[in-house]
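Encoded as structure tokens, the following chain is the form predicted on its own, with no partner shown.
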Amino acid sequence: MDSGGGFTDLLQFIFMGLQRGSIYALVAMGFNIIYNATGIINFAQGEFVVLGGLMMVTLTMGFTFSIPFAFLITVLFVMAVGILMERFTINPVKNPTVLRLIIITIAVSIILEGSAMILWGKESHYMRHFSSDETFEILGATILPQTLWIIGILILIVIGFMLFFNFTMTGKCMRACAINRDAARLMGINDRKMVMLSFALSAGIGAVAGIIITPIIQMDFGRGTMLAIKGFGTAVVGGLGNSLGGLVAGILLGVIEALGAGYISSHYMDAIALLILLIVLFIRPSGIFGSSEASKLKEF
């Protein structure tokens, strides 16, 4: 009995970790998209997630829109926010340094967080599940259908963006801008347009993350900071700019967190994630799947 109970507990923690890890991987993808196009880190990424979740709550619970329609409107809304952010805070900066741009994204993050608090208040907001909210058992452990939605959407997005960056001209242009913007400009690539597109895509994927996790965790204005920290940590561990690396790192981080919370204490869950990040930075600064490009972080 003890052995069976121990296995069930382990499986339950793994399911929890897959759920959390998928969220981290989605947030990390937002970081990677902008990094691939600009070489900078957008610390407002967590606020895109919050805006996606809160807007979806408003449309589905307040205006009773259908989930597919509200999903589309929410993603477009947050993408518009991302474009406005780039147009009014990043684009006007002449001869920007990476550090200066990062400071700008931190400032925008603070503004967006304050705006979310004003518009939606300080309380947590509930949203109904995409399908059933009844758990079902797998080998004695329980899992929510919404968790399967999260994992499935993550896989589709990772595949889609890997194809986009590796097999489309626009994706290759975005990567060229990250490697050498001056050379890309000489080849006729509109680098500022690529930067704007990267912010739109990053905001869109943040919105998707917020939409799919809100039925499980509930959303409030202050969640963006921790989501950004976890997502950035995942991106660094997986290797900045590497979508597949971010996916693997997110799952690993989520499972380790869940195991730590289950077998040690939930109070140390956030500390465990940060400890893993520090260890990876000491041992392999470019990340597990990263290249030497990630060493640009040292310039900060």
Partner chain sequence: MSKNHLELINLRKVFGGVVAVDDLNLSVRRGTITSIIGPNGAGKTTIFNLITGYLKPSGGIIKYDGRAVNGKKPYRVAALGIARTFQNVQIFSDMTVLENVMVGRHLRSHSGLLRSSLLPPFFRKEEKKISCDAEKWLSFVGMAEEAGRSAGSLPLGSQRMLETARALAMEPNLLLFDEPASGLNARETVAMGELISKIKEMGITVVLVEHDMELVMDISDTVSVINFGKHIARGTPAEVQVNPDVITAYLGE
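All figures in this text were calculated on a predicted structure; none of them were measured in a lab. So that the term is clear: the rigid core is the largest set of C-alpha atoms that superpose within 1.5 Å between two forms. Numbering follows the first chain given and starts at 1.
The following text describes the form predicted together with its partner chain, which does not appear among the structures shown.
Heavy atoms within 4.5 Å of its partner chain in the model of the complex belong, among the stretches 164-172, 146-154, 99-107, 218-226, to residues of 164-172.
Asn190 is the sole member of Ser115, Asn190, Ser124, Ser132 with a non-hydrogen atom lying within 4.5 angstroms of its partner chain in the model of the complex. This chain appears without its partner; in the model of the complex, the one residue of Ala141, Ala184, Ile90, Val75 with a heavy atom within 4.5 Å of its partner chain is Ala184. The closest heavy atom approach of Leu84 to its partner chain in the model of the complex falls outside 4.5 Å. Within 4.5 Å of any heavy atom of its partner chain in the model of the complex lies no heavy atom of Val158.
Its partner chain is not shown here, and in the model of the complex it never comes within 4.5 Å of any heavy atom of Ile111. Put simply, Ile179 is close to its partner chain in the model of the complex: some heavy atom of it is within 4.5 Å. Residue Leu197 is the only member of 195-210 with a non-hydrogen atom no more than 4.5 angstroms from its partner chain in the model of the complex. In the core-superposed comparison between this form and the one not shown, the C-alpha atom of Trp149 has shifted by less than 2 angstroms. After superposing the rigid core, the C-alpha of Phe165 moves by 2 Å or more between this form and the one not shown.
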